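The data below hold one chain only, encoded as structure tokens and taken in the form predicted on its own.
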């Protein structure tokens, strides 16, 4: 079975223990207003074009077989003298992708693979087949868990670790900022808690959106007493979130801000007071 992948990154440093390769699935059912990987949103290949450095030679337009209707065929990329065009999205057979990932690990080196996105559950059958092919590597996913519960449960049987995003506890606010309800996500969180699979919860923290103590305490109530929870990671809003949108000829019009470090400390302390391990990642 073939799946659509938009990036394979070796030596990933934030995606699990040991030496890791991260594989990014294309397509996502959420539309988070702060998304910093817009090339992962649509479930189809897309042209990525860097306008900085373009010499306006016109060779890309002359090479295009469809002119006004881009099909991401890649013809233009071969003709750009500055190398400013590429296609985001390549189809892989599960067995071939697993072999490509395994070859990135020197013999005897500890580590594994983390499947991310986009959203891995946008391609559920490919995901399950790929996880099977990746054995005996340590297998992790990073997911919003917005998917059918039966598919989520099947994937958990093939995983050694899960990074799960929980963005906003209030359903109405979650719908407003992500485009979907959080009910399916929270139901899958309960499945994860009872599965025995160790996991980390990641919260992208945006000032004025989800940085309230009420929001974090509601999350803490859901996680209290769970033995397989490793930590809650509080991730401040990435101020470079809009940088990739012009490459897709899209506009990024949001005006979000990261919370102050003191606020992140308050949120982490609130979780710690509930006996929930928490930490926050400092911005570079």
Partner chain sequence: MNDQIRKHLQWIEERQHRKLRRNLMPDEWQRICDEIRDPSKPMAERVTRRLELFLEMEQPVWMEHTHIQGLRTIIEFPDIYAPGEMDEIKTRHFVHEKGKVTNIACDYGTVLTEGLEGRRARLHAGLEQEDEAAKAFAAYTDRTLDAVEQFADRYAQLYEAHGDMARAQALSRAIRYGAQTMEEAMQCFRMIHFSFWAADNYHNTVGRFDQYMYPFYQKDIASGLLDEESALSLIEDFFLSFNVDSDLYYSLQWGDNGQSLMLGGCKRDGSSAVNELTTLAMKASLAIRQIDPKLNLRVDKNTPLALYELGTQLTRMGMGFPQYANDDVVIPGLLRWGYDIEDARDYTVAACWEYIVPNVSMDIVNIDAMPMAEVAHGVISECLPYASTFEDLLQEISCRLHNRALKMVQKHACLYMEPSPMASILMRGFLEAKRDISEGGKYNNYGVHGTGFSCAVDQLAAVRRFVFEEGSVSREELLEALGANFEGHEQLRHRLRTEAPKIGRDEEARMLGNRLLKMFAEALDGLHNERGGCYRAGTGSAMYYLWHSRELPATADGRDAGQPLPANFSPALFITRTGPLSVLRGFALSALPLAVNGGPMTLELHDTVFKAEDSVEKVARLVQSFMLQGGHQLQLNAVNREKMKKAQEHPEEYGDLIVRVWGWSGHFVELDKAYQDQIIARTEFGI
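Numbering follows the first chain given and starts at 1. The structure presented is a predicted model; accordingly, all values stated were derived computationally and were not measured.
The same protein also has a form predicted in complex with the partner chain, omitted here; what follows describes it.
- Here is the short version: of 200, 104, 212, 195, the single residue with a heavy atom within 4.5 Å of the partner chain in the predicted bound form is 104.
- The partner is absent here; in the predicted bound form, the one residue of 173, 138, 75, 158 having a heavy atom within 4.5 Å of the partner chain is 75.
- Against the partner chain in the predicted bound form, the set 17, 90 and 109 is in full contact: each member has a heavy atom within 4.5 Å.
- None of 185-193, 78-86, 139-147, 164-172 except one has non-hydrogen atoms within 4.5 angstroms of the partner chain in the predicted bound form; the exception is 78-86.
- Proximity of residue 10 to the partner chain in the predicted bound form: non-hydrogen atoms within 4.5 Å are present.
- In the predicted bound form, the partner chain sits within 4.5 Å of a heavy atom belonging to residue 279.
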